[in-house]
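This document opens with one chain alone, in structure tokens, the form predicted alone.
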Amino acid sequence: MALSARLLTLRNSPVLLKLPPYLSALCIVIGIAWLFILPLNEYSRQTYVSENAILPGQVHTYFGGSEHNVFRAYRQEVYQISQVSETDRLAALENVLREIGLKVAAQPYRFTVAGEDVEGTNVYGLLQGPRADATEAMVLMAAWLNFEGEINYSGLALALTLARYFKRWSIWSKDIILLIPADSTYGPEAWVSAYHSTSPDITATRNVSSLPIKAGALQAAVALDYPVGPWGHRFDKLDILYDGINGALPNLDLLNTAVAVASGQMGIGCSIHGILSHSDSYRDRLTTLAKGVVTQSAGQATGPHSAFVPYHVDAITLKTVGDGWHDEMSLGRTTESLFRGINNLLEHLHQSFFFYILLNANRFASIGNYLPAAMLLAGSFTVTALALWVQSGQVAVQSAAKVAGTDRTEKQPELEVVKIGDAVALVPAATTKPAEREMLLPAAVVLAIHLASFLPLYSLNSLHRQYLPTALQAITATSLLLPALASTALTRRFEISTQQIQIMQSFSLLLLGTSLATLATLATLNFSLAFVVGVLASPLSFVRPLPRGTSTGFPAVLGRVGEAYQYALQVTMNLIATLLYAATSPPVVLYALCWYISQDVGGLLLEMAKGWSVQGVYTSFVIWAVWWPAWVVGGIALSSGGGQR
């Protein structure tokens, strides 16, 4: 009975309507803090190989001896080929593959992005496995130009040596494809898209030739990045690149196999995200996690392997880094052992994790441990949206009385007796009453802004590269002015009310947080992108209309002096709030990012346009079609002054 009385007391308590902002802030704080506990041993685990058929490092590798002389000869030949024209280079590469005994083909491609043609020709050869039935294949890649734009002398020479070496073995139950793309980004994309297409569609911006030679379903792909010239250079570690397009990840078993073979069998240290010195401390784990989140949230290619991952082909790149005592033979034996492990598979890799965050080469956090961080951020928007929805359906009814001797008014609390069954309680009288919601104008505004978001999305992905910086400047100016202009029009022309502003914000935050497959669903596909956007958009949960007028509450004896002081203070606070809110706008954040990473704005926009047009990177869509509309709606609410009461 006492519990029922307490619940009745809370029914009309104004405290309940004051809780949502604190709950939203709590969700944001816990969500961000969640990542900081992942490096702890209690929330992460050691990596392990789930697929027993791989048998990593269980075979004796025979690559070495005379193969070293073959490698040096190929490296010198690759150097000679690099001195001739592109046509002669392609012909020479095809001739080398034919001499090895492979079925050879070439694939020209051209992409037109931002007025710039990206074109080249991929050369590849097929080694038919003696025990294969043409239903499965593995890919060995060595791009002519690596991701930094350097000629991949030793990587290509080692791939050719391995292909010649593999040709002599009769153990292969899968076909092996040696792929030599023209570069490390668009060449692999053109090849793998044509491989999984029966009739490539040729458009004005995309012209990718079909492949004359194909094999079976691709089981895995391994790329070699070893850009050492004809004089050679020993390396210290292998940096394993694994991020795919749009944050897609290969099966963790492939990474674990590469690490187990390199470090366990060959004694080669492995690094992640270029962190060569990793002491397995909390700080180093957190640094690796942060770099992984940033790389994955960008969604761009990180190597020639990235194009394969969205096609459910597990792929990694082995990149040599540092100065040490390991040579090309160590890398060759590592690749041989890795391919022999993949060759043992009876089915596609599926037993291990596809969603994970690596803390070092031997430790990871699974999706069950890190996903709550993004979900809490998405939940903060939902909490605020529901609170605004509830507030929009209520209007104040409590009367106010003037305090004697002053110009101030004071709310007079009223109590009423409520009886339900045997439970009787003295509760505060209702201070609000239900009100009919007017939703047409808020829904139209939110819809119009979301439709308008396709203008910056289209312009930044379609204009010529020389106009991209100017376009971003125009978008920035428009973004900063649009909320004030729209709020003025809505207030004066349509006389938007406080209730409609609350409904408009509620719709916007619901779209941002849960509906239309945005943050809540995006978190399961690309956790890092959802988390980063959630953190950057978190101020939207606390945006409320800036106060207007000069009603101050100052003692009457101060007269106009007090009112003038309060008015100046209010204007100053409103200006600071507006500037802080402008600093969180998507275009301003892009400028800040370019300044922080010391990259030209035009270069960043060009790479984003290429990723959107060529590889389907949807980071631009999330920025302009999800985050930007929510920011504009928040700006309209901020500038509205609360609308008509």
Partner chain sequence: MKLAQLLILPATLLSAVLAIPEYSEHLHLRPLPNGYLYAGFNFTASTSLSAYESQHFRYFPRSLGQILQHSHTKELHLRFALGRWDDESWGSRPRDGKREGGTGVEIWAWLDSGGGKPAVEERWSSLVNSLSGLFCASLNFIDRTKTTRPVLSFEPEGTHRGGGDGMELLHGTLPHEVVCTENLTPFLKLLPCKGKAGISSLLDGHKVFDANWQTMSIDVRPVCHVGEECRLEIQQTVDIVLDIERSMRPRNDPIPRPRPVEELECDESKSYHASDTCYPRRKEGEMAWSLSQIFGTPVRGSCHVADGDESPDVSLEISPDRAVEVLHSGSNETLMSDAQDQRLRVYRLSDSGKYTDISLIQQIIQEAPHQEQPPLYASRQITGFGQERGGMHAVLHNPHTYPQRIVYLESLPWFLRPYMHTLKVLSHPTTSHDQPATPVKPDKMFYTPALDRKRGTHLELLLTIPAQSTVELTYDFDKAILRYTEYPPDANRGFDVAPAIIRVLPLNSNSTAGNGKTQDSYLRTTSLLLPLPTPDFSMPYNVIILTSTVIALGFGSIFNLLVRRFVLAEEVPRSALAVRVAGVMGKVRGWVRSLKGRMRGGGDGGGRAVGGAGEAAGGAGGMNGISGVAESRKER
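Residue numbers count along the first chain shown, from 1. It should be emphasised that the depicted structure is a prediction, and the values quoted were computed from it without experimental measurement.
This protein has a second form, the form predicted in complex with the partner chain, left out of what is shown; the following refers to that one.
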Just one of 496-504, 169-177, 569-577, 266-274 has heavy atoms within 4.5 Å of the partner chain in the predicted bound form; which? 169-177
Only one of T524, T112, N344, Q76 gets a heavy atom within 4.5 Å of the partner chain in the predicted bound form. Which one? Q76
Answer option from G149, G368, P547, P130, heavy atom within 4.5 Å of the partner chain in the predicted bound form: P130
Assess the spot marked by G64, R164 and A215: is the partner chain within 4.5 Å of a heavy atom from every one of these residues in the predicted bound form? yes
Taking any heavy atom pair closer than or equal to 4.5 Å as contact, tell me whether N41 reaches the partner chain in the predicted bound form. no
If we define contact as a non-hydrogen atom of the residue within 4.5 angstroms of the partner, is G232 a contact of the partner chain in the predicted bound form? no
Heavy atoms within 4.5 Å of the partner chain in the predicted bound form: does N52 have any? no
Partner proximity in the predicted bound form: E136 to the partner chain, non-hydrogen atom cutoff 4.5 Å: yes
Applying a 4.5 angstroms cut-off on non-hydrogen atoms, the residues of 79-98 near the partner chain in the predicted bound form are Q80, V96
